[in-house]
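Before any questions on how it binds or moves, here is one chain, the form predicted alone, in structure tokens.
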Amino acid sequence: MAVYRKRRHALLAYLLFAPFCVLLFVFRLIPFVNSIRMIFYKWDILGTPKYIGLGNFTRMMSDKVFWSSLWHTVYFVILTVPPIVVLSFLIALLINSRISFKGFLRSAFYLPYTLTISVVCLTWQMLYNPYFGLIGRMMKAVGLQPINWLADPVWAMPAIVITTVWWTIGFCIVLYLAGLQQIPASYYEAAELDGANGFQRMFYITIPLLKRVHVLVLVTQIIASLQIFGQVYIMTGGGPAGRTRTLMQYVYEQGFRYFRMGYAQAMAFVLFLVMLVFAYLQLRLMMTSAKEELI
């Protein structure tokens, strides 16, 4: 009887799980496999795909726009990830301390993350406007010449970085707050009894015990920054003179503007491999950290 009930429960579990498997297979696995196959073809959507072997990758190696777009993507990651990790950690420490208006500060920092990308980008476009934007007026008030942020080849990417940091930092603050609240207060009390100052408690208790959160925030932000598209597309369209064109935007242009689907898919596959490496590193670091905590 027990064996019969066990089989019945297993069958019910498979039946409940089946719709998800079907949807995953139809809308995820089949498109993924087909996209991998397409990197070996030349296809303009309307015609018949033509097999060209590694032709898309050969073209990629000699495509200057591809390499400049890849560099702009890496440049964006370099400018974005360090301030997000450091600032979110420091702000989480501030909010987690014994200060007033904790609830207000938490809401103020997290609220931008709930906004849509179009709202965020259009708002910052107005702020960056050199004629009537708030930033330009503040610069005039202190005697500085306003900068045409989004049209300047030097300042366009930093302007997008500032927008991205303001928009996404709230999520990382929440992760750090969750990690800080998991650290037992007894650790700090014991350290105070031993005469440890605030600096020592920070570097010998807080930072080491947040190692898994550091890894999670760092790797997820790198992966998210590698996929930068919306901010660039809305705020600068890749300009001025292609100085903010990222790899995702170049993939979009090749695929949906010039209908070079095979070539676009090959570039997307390269980006996928890069993100796969960071995802593997995250998994390895998280597993190592978990083992160290068990020792």
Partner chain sequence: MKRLLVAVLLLSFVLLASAKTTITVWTFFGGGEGFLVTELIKKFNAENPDIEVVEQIVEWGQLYNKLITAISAGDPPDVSVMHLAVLPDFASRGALTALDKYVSKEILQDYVPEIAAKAHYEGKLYAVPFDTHPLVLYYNKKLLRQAGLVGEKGEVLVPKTWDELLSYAKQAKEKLGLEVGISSEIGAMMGERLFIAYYTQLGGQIYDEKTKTLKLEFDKVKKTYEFISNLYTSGIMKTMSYDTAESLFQNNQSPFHLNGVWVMAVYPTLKDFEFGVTSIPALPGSKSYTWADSHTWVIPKKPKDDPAKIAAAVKFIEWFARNAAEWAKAGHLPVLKNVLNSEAFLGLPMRKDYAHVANLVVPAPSMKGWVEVRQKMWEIGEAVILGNMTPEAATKELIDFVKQVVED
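Numbering follows the first chain given and starts at 1. Every value quoted in this text rests on a predicted model; they were computed, and no experiment measured them.
Keep in mind the form predicted in complex with its partner chain is missing from the figure; the text below concerns it.
Just one of Trp67, Phe27, Phe259, Tyr51 comes within 4.5 Å of its partner chain in the predicted bound form, counting any heavy atom, and that one is Phe259.
Proximity to its partner chain in the predicted bound form, defined as a heavy atom within 4.5 Å, singles out one entry of Phe57, Tyr233, Phe269, Tyr41, which is Tyr233. Using a 4.5 angstroms limit between non-hydrogen atoms, Lys140 touches its partner chain in the predicted bound form. Among residues of the shown chain, Gly239 is one whose heavy atoms approach its partner chain to within 4.5 Å in the predicted bound form.
Heavy atoms of Asn129 reach within 4.5 Å of its partner chain in the predicted bound form, making it an interface residue. Though the partner is left out of this view, Pro153 does reach within 4.5 Å of its partner chain in the predicted bound form, counting heavy atoms only. Only one of 196 to 204, 132 to 140, 92 to 100, 77 to 85 places residue heavy atoms within 4.5 angstroms of its partner chain in the predicted bound form, namely 132 to 140. Shown here without its partner chain, the chain has no residue in 73 to 108 lying with a heavy atom within 4.5 Å of that partner in the predicted bound form.
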